[in-house]
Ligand code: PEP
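Just one chain follows, in the form predicted alone, and it is written as structure tokens.
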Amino acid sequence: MTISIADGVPISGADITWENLPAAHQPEWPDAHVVDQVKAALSSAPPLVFAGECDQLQAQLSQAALGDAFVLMGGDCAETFEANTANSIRDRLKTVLQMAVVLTYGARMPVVKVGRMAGQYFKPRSAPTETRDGVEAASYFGDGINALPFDPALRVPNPERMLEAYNASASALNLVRAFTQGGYADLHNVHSWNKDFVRKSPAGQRFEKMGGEIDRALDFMKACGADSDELRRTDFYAAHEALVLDYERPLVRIDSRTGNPYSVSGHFLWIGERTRDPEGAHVAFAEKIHNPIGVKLGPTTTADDAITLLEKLDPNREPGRVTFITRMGADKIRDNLPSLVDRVENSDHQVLWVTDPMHGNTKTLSSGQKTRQFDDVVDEVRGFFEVHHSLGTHPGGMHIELTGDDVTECLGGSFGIEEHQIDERYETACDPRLNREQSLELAFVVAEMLGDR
């Protein structure tokens, strides 16, 4: 029997087997009965995304893997229910759109836009508990599991929060679709994206100048009768880490066209550095679904590790199926990446290479707050490009933790945020994010690298 993805009917439990495999970083739920109820509700919930959209994204990722496009993935480290507002979603989207315009204009190639949003409500943590002033509580594992305030009662994993995560994701996706298809992403409006604190920054001033050049180009096209509707909307996809399998597994549906299973929790799912065990449950789950899949690769990854993952996740050698997201650290990228790229590129897999210059460059201050140096982020991106240029391969994209707000979580950048300023607006629920000025500045740097290719 073929079940339509639109019917919201889950595939049977026998179709994807992961329950008996080791699964790292799963919550310890206090009540299994409530978990079962939540999973049943998710199994009957409408899809958040559709199989055709996932296939469309994979086709675009395949073009990037072949060197004909660049992928920009950006958004919050950890989404929160409190920040799931129209203004917050709009500002994060605006940041990605501004960066994409800079990259497209500078590189003269299509940019595939993917948001770390509408599902990034779950986070792995290095320790299951934390202690403050002699009080122990569970670590914060994301709003989809427990609450951020340090209160032992609020930190108890609550499976009903998975339903809140689903509902919040549905709201965010509805709004993103309205913005990107309803005129907000119109290239004729590039100046309107810049009417705030960013406009006064060096990067904002460069963007304003570039916007004027785009205006003249659009006026010329209109005068020539080439005022395309494609300039008034854009494709935008949702991505998150496939971490909590009690959330992900019920949101799998069968596509009526092909009979293939797809995750309908997001267009693009990635497996984290901590859960990429080839014999583990996360890889087994990703093997079965037909969404494009990412895998984070840290500095300990070997070439054999990469090939083993590809054999499991890409047995049919489909371009765009697997994206390797490297997170090495600025001090390791030039030494560790070449052997991975060389081995994979000499296989028969067509992989998309994306850099995550954030996670390998996190530092903890004496205050206990985590931060990142903007210069380290830029240096890792430069190293990523240098390695690919030396090997004759395509640096296909970047994966950034960012926000649309004027936060002070990452140090450096044109405004020169210093350590003593970090408390002014340190608002992240988990890891430090680039603010919009820093994100835009990074986009100009990467655009120049792409333009030199």
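None of these values were measured; they are calculated from a predicted model. Start at 1 and count along the sequence shown; that's the residue number.
Keep in mind that the form predicted together with the ligand is missing from the display, and what follows is about it.
**Student:** Since exactly one of Arg249, Lys123, Arg161, His349 fits, which has a heavy atom within 4.5 Å of the ligand in the model of the complex?
**Tutor:** Only one listed residue qualifies here, and that residue is Lys123.
**Student:** Which pick from Lys94, Lys113, Arg155, Arg327 sits with a heavy atom within 4.5 Å of the ligand in the model of the complex?
**Tutor:** None of the others qualify; the residue that does is Arg327.
**Student:** Is Val244 close enough to touch the ligand in the model of the complex, meaning at least one heavy atom pair within 4.5 Å?
**Tutor:** It does not: once the ligand is placed as it appears in the model of the complex, Val244 has no heavy atom within 4.5 Å of it.
**Student:** Quick one: does Arg90 come within 4.5 Å of the ligand in the model of the complex, counting heavy atoms only?
**Tutor:** Close contact is absent here: in the model of the complex, Arg90 is far from the ligand, nothing within 4.5 Å, heavy atoms only.
**Student:** Would Tyr262 sit within 4.5 Å of the ligand in the model of the complex, counting heavy atoms only?
**Tutor:** Contact check for Tyr262: no, nothing within 4.5 Å of the ligand in the model of the complex.
**Student:** Quick one: does Ile293 come within 4.5 Å of the ligand in the model of the complex, counting heavy atoms only?
**Tutor:** No, Ile293 sits far enough from the ligand in the model of the complex that none of its heavy atoms falls within 4.5 Å.
**Student:** Heavy atoms within 4.5 Å of the ligand in the model of the complex: which stretch among 271-279, 94-102, 132-140, 309-317?
**Tutor:** One stretch meets the cut-off, namely 271-279.
**Student:** Along 430-445, which positions have a non-hydrogen atom within 4.5 Å of the ligand in the model of the complex?
**Tutor:** Heavy-atom contacts to the ligand in the model of the complex: only Asp431.
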